[in-house]
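This document starts with one chain, in the form predicted on its own, laid out as structure tokens.
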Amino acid sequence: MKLGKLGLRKLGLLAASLAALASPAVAQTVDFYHDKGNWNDAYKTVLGPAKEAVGIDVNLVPYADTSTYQAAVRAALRTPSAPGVFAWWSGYRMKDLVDAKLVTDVGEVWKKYTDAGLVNPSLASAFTFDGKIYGVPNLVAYWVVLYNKKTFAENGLEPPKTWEELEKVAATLKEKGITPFGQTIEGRWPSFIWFQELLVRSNPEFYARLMTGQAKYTDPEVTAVLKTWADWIGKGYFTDPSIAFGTSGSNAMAGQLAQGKLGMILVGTWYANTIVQSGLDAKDLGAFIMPNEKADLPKSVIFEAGPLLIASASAQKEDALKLADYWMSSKAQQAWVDAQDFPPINKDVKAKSPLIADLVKEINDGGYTSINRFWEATPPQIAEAAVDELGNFMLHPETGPQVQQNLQALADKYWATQQ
């Protein structure tokens, strides 16, 4: 049988169609928005292999300015053109997106890894609302005490295991002419650091209730914390609160620790590299979790977590969920930790530095509960103003009762709008 030109053309089209069906699936593209320009190369390293692993081609969209970034994301979120994945902030700083149903429940992604014992379920608390989880971890940092090992060794000190030992270390350093602890109001926000830690070390259950408006800043638990804080300020245990912390470029606090003039800094693990860059050899930098004030309290560690969220309205949502699963995998998390030296969230992943490795092992093996830090654990309408009140306390510790009244007034004003 002979085929005419028309028949040959149809046959050719049919062959082309069959060939297309037989070829490998074309990778789907997921837009990934973020405002962390310095991390863009690390994202490329981690997410590039997603194309081969799960058939997702990631289109990274970095923004240089956080305000512009937030405006762009919020403008897109109600439309199908919303990014499949975007970086955001945790706790109450993502609550409005959850309340408006603009982000997707990723509980099934978490379940895969928590059921396998690979991820600590308490890490999800920073992204959980009404029992549903709306984010996977982008950044996790633990808030610990970083110290100069040489300074400790030269003064016969060991990392404290109890509250009494902590106070003894502070007193010894002070006697030797070394400032025991760093604290600052530079940049405003660091003034919550010691307030949150002293509360968690004395009563973590009260801290959780205070963050959600179920306890008051005028309660005796807060009074006791401010009394301890004021006592230590009076004893000269802290740096001058105007000391530079790096928020405006210079960083005298890290430099003093490196030089042996300062003993300890209570801060997120992300600050370790800053101290090393200030002149302290990495092998001489140590870290410990601050002991509880009462020995019978459960072990806990404050953490901060930045999430990756998935837009509910995005046309890329289903592929974005596949990408979130890939992001949580051991392969992707190992590449992320290797690139950034963040604490691993997946127990199959090895930390990059010994300091982080030792901390993570202690937290995982010791059964520590992760507690979200003040900045994200309470509504920003309270936190943003509270840091100014706490900063004023650091400058004038005799104003404790008035600071408590002012903090409660802030809380009352906000929580009254939520009833």
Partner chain sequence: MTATIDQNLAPALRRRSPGRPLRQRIVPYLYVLPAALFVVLFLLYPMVLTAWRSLTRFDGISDPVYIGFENFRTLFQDPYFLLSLRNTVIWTVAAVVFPVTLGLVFALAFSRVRWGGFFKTVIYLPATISAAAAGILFSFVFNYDNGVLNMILRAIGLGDLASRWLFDVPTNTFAMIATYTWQQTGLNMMLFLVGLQGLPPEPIEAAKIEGCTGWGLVRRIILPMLMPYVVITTLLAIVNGFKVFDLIWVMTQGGPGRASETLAVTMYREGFILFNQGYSASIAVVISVVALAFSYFYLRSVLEQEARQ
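Numbering follows the first chain given and starts at 1. Because the structure is predicted, anything quoted here is derived from the model rather than measured.
Omitted from view is the form predicted together with its partner chain, to which the following refers.
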property: is_contact(V61, its partner chain) in the predicted bound form, heavy atom dist at most 4.5 Å; result: no
property: Contact flag, P159 vs its partner chain in the predicted bound form, heavy atom cut 4.5 Å; result: no
property: is_contact(E389, its partner chain) in the predicted bound form, heavy atom dist at most 4.5 Å; result: yes
property: In the predicted bound form, S312 touching its partner chain (heavy atom, 4.5 Å); result: no
property: Whether P220, K294 and V403 all lie within 4.5 angstroms of its partner chain in the predicted bound form by heavy atom; result: no
property: In the predicted bound form, the residue from K112, K174, K132, R188 that sits within 4.5 Å of its partner chain by heavy atoms; result: R188
property: Of R74, K216, K331, K299, the one that lies within 4.5 Å of its partner chain in the predicted bound form (heavy atoms); result: R74
property: Stretch from 266 to 274, 238 to 246, 145 to 153, 205 to 213 whose residues place a heavy atom within 4.5 Å of its partner chain in the predicted bound form; result: 238 to 246
property: Stretch 64 to 97: residues contacting its partner chain in the predicted bound form, 4.5 Å heavy atom cut-off; result: D65, S67, T68, Q70, A71, R74, R78, D96, L97
